[in-house]
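To begin, one chain is listed below as C-alpha cells, in the form predicted on its own.
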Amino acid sequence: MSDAGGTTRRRGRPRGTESAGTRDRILATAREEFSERGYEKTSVRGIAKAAGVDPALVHHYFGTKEQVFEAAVEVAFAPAMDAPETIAEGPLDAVGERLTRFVLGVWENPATRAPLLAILRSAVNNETAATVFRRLIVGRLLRRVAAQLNLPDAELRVELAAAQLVGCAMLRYVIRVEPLASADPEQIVARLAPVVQGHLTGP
C-alpha cells in the first residue's frame, strides 16, 4: 500500500501520534478487560474488538496475551517502582514507616488501586499471570529495595516485608475484611510500620 507520496506503508502499523494513541488505547482496553474478565477469560481478539482494532495490531505492539498482560501490569505498577528511592530517603530506623506509608498511598489512590486490583486478582487465579507478576515484582522492585538495605539476608527481609504489605492489601482492598477495610489509613500505618521495620532491619 502506498501513500500520496509513493511511500510504502505496512498494513496495520500506524506511525507518529496515531501509533502512540493506538498503542495507549489498546493498553487501556487490555487493563479493563483483564479487570472485568480475569486473565483466563480475556483474549487478544476480545481486547482488539473492545479497542476497535485488528487483532494483528495487538500482536504487533505487544505479542502474546502474556506479553499484553505484562505490559498492563508494568504500567499499572509503575508508581510502586519509586519504592527503592523511598527507602533511600531518610534514616534506616524509619524505613518501615516510609515504605508502609508509600505502599498504602498507592493503594489508597483510586487511579492506581483499580488496575492493581485487577493484577492481583489475575495473579491469584492463574499461574501464567502469577509468573508475570512475580517476574515484575522480584526483578523490578524487591531486588532494588534489597540492594538499599546492604544486609546479607536482604532479599528474604524484603520479601517478608512485602508479604506483610500485600497481605494487608488483600484483606483491605480485595476481600474487604472489616474493620480493616474501613480503618483510617493512619491507624494502619501506626500498626503495620513497626512490623515492616522489624522485617527489614530487625535481628
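All residue numbers are counted from 1 along the displayed sequence. Predicted model, so just to flag it, every value in this text is computed and none were measured.
The form predicted together with a further copy of the same chain exists for this protein as well; it is not shown, and the discussion that follows is about that form.
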Non-hydrogen atom contact S43 with a further copy of the same chain in the predicted complex at 4.5 angstroms: no
Heavy atom of E178 within 4.5 Å of a further copy of the same chain in the predicted complex: yes
G52: touches a further copy of the same chain in the predicted complex, heavy atom cutoff 4.5 angstroms: no
Non-hydrogen atom contact N125 with a further copy of the same chain in the predicted complex at 4.5 angstroms: yes
Candidate stretches 65-73, 23-31, 149-157, 43-51, one within 4.5 Å of a further copy of the same chain in the predicted complex by heavy atom: 149-157
